[in-house]
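This document opens with one chain alone, in structure tokens, the form predicted on its own.
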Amino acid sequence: MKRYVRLYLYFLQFSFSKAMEFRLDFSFRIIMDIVYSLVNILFFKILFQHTTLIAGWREDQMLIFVASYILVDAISMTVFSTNMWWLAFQINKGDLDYHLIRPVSPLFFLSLREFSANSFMNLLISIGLLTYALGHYADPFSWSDLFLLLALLINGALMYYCCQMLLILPVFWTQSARGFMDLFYSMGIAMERPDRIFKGWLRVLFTIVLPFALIASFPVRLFLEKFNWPTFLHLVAVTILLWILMLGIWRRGLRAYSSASS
């Protein structure tokens, strides 16, 4: 365990050093992420000019939801997204060979090697936004409620990672993951909507099959509303099943992998 922690600290050091060499790109990506956050906040503010409730939530409650999915997105962009972008190319070109022979888990190395330093600044901004939203929340809440919310949002980032991996790993057999990744980004918008707006087969799709609607909605529901065991257990069960499924497909993919030397 200590070896992995020490290795990740090296990843952080290298990533920040590299980011400082391209300061214009560093600044531009920070501005781009700030614009993304503002657009999402303004979208719901415009809706609340015409109604007092959306999916049963007031404006101050919806602001917590918006800040929550922006935080999950910031975690994903900071920790995983750059690695996910390159993973399909490494599998397709046979560059995975260099990672399979390392004395560490290749999944750990490939998922966490690139830490996005520019997105880290926006991660701090998203934490500030969530702090602001909680500070303007009208109802009282306890420290245990806050801890549960943060823990479940971290769980949401893990779910987001698993969903992304599940749509990248077919590259072991298809030699291209572009269509699957287009599907991921299209359906990922469901994370930015309260889960109660989905009905029928769409609800099954976004809460079980590709559970984007669980990532932020369920943690926020458990925070804003009375704690509900079925909601909590649903979230935990889907997370565990996603993780097991992702690991299973990863291992099958490694058995099907044709290295550069093949």
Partner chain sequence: MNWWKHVMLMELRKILAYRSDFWITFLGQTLIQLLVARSLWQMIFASEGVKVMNGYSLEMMNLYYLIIPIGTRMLSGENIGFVSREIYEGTFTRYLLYPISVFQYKTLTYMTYSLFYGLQLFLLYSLYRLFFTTSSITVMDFSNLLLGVGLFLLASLTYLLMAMLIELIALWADNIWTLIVMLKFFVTFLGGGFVPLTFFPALFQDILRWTPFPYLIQVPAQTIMGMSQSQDIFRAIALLLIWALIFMELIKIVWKRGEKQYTGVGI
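Positions refer to the first chain, counted from 1. Predicted model, so just to flag it, every value in this text is computed and none were measured.
In what follows, reference is made to the form predicted together with the partner chain, a form of this protein that is not presented.
Proximity to the partner chain in the predicted complex, taken as heavy atoms within 4.5 Å, picks out 182-190 from the listed stretches 158-166, 182-190, 134-142, 100-108. Annotated contacts: Phe120, Leu254 and Ser258 are all free of the partner chain in the predicted complex [non-hydrogen atom within 4.5 angstroms]. In the predicted complex, the partner chain lies farther than 4.5 Å from every heavy atom of Phe232. In the predicted complex, at least one heavy atom of Arg29 sits within 4.5 Å of a heavy atom of the partner chain. For the chain shown alone, Lys226 is not a contact residue for the partner chain in the predicted complex, no non-hydrogen atom being within 4.5 angstroms. Not displayed here, the partner chain is kept clear of Arg58 by more than 4.5 Å at the level of heavy atoms in the predicted complex. Along 52-76, a non-hydrogen atom within 4.5 Å of the partner chain in the predicted complex is carried by Thr52, Leu53, Ile54, Ala55, in order along the sequence.
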